[in-house]
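What follows is one chain in structure tokens, specifically the form predicted on its own.
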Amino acid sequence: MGTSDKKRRQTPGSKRAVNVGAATETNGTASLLDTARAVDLSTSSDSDDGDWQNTSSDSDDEYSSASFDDDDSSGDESEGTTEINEAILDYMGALEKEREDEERGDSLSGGGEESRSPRAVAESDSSEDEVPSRNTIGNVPLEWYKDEQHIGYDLSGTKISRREKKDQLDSFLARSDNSKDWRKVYDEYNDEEVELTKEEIDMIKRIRDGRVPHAEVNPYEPYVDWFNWEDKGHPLSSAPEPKRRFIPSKWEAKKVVKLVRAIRNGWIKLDKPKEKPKYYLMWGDDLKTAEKTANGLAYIPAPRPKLPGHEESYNPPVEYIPTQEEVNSYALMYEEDRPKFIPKGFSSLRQVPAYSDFIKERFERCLDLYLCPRSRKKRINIDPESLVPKLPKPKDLQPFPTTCYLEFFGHAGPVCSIAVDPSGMWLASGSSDKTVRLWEVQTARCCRVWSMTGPVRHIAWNPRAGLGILAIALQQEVLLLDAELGSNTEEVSQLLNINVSSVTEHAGDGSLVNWLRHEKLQALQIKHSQEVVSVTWHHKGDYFTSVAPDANTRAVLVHQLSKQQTQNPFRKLQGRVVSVLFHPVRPFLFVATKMHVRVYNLAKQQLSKKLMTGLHEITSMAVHPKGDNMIIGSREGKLCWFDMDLSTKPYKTLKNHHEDIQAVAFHVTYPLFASCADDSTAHVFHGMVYNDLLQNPLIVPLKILHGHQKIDGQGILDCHFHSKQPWLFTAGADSIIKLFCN
């Protein structure tokens, strides 16, 4: 008989013998003889069965394939019994040897300890003792235990102590000694290391390779058509799936690109998740400040009443108790000024009477809480000094006029206009006393006096040096007077000479002006249809303008001295004209109406820009010598600085005067400008214009000049800078001209 046949035939008996042996070990009382007898009984019972086959449970898979026929069991009975007995004896001998080894070990280690009982041995083999204590803290962050010596609690409520962490050297030695250390995974929740089995490692490898985790699962099962197609009137389509269902949609990709572009450009703003505050008010929800009312407004808690102080004490300090005289004086006060509570002193709290106004105050407090509307006012704490611009000190911006140096006396009425010739040696002034005077600047001496037919409104010197022609506006005419100061006398006489007695210029339907020779003075006389209020020269000295606001479409006329011609540049004017100025460099014309200033390009004959002043009524204007900046004065005392390269709106608006501004002026060479008003003051400013277009102009107030008296509601009527020195001339309604020097 072969070895395999022996194994096959001894399998059932061996299995039962092992079970019997295991039971014998557990009980600890059966002997080897009893075990052999039990084996004989088991074999005899198996031999009596005529035709025996394996009917064991499904769990005994390794024996499920064994079967015995009747002939084999009867023929080899004695031989199979002998083999089974030998196997049982070998097994029992091994058990006896193990027991002797354990007893020898206990005797060596324990000394006089008692050997464990069989029940204790059975309990020690329990699987529950081998399982370590499990953490039962639930879904709690482990960072709460980072400062503790334990990591949680087990089922009995005992703390699970934290293990000491190994240093890197110990970890390296452990990995070197144990070849299976790479299988270990640290379980932070239970503070232990778990060794992965071969099945778990195989599962991880399959997942990383993109396969099914379980090897016994077949992902390619044959398709089972569960739908019944027979006898159906409207069966489902059996067409194959189209290819487009397995390809990413290009339209969805385009839509995603649009959304991404919108998010990057800020067209779509995503709401960021609100971060929960680390610290919060535990009882903050009791006031319900975060809730909203029915109309969507936030709830505003009522202001708390004032807490009682020393005055409300039943025994206040002596200084808080008023005397009888003070109490009597309270009765003479108005009710709103009278104190609502008068402190009194009592020796004990029992002697304090009931407060008479208690119910009244409580009722008023309830009315305030219920009926009084409340609104939230935001207050911004700003340092006032931070709002003041940091400007240089005036002493660092010298020179500028500060002191009255000379006074020019001689006029009998208010001085309406003054002008300094280009050389700076002579000053001309026109007054309402119907005279024009010529002054020497250095000595304040009056050199010439010309009598006019009416009050003088405005005068202006020709800007060309050496001509000495003075333009005077009075009533309905403009006089071009030869002051006899220039060196080019022949050119002046030629310009002011008229061969024909009357020259009439025609424009459209009627005549504009009449050019005449003055009868008494060496001057040209230009007759207008309405009263002329101002005259302005072009920087080359050939053209000049005259303004007659009441002349409608002929309010602004441009005259040419060399040809003695006049032209009307506007067919229609928008509003009443106040003042007109030429650009100092470019062919532009500034026309100021009541509220706006229009800039016209004379070369292109079109409107260039319109300055929005925001003022109620403009009174005067002046252009910077470079031509890119302008100042405008108004009747409400405001001064506007315009940077025409920057905007059509004011760059700065200064409210420095209390009354109407009458005149403004720029200095030709120094960075200075000034304004004068009916409050009898002249303000001097530092106005630096930089060549760098990116740098804004610097405007610094320097000095307020006083000295003129106010006559009939009028103060200083005109101001003008010296052509070469940082001096300022002012003309007042008190008929005095003052020179302010540095």
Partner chain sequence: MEDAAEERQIQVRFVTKLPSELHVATTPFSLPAHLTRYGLSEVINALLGLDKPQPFDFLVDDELLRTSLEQLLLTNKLSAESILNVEYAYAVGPPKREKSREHKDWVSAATGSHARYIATGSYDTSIRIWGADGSVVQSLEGHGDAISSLEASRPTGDEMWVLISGSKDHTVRRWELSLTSSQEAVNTAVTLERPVKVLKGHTSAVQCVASNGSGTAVCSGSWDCSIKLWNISEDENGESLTVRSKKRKLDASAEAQELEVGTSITLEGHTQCVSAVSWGQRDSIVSASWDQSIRSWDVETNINTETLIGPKALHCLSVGGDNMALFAAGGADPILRIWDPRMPGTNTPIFQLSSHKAWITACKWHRHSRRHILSASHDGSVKLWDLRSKIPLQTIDAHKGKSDCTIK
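Residue numbers count along the first chain shown, from 1. For clarity, every value in this text was computed on a predicted model and none was experimentally measured.
From this point on, the text means the form predicted together with its partner chain, which you will not see here.
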query	finding
Full three-residue contact with its partner chain in the predicted bound form, heavy atom 4.5 Å, for 415, 641 and 668	no
Among 317-325, 134-142, 444-452, 598-606, the region lying within 4.5 Å of its partner chain in the predicted bound form by heavy atom distance	444-452
4.5 angstroms heavy atom contact with its partner chain in the predicted bound form for residue 181	no
4.5 Å heavy atom contact, residue 739 to its partner chain in the predicted bound form	yes
Its partner chain contact in the predicted bound form: residue 424, any heavy atom under 4.5 Å	yes
Any non-hydrogen atom of residue 720 within 4.5 angstroms of its partner chain in the predicted bound form	no
Candidate from 631, 459, 485, 592 lying within 4.5 Å of its partner chain in the predicted bound form - any heavy atom	485
Option touching its partner chain, based on a heavy atom within 4.5 Å in the predicted bound form, out of 203, 556, 406, 495	406
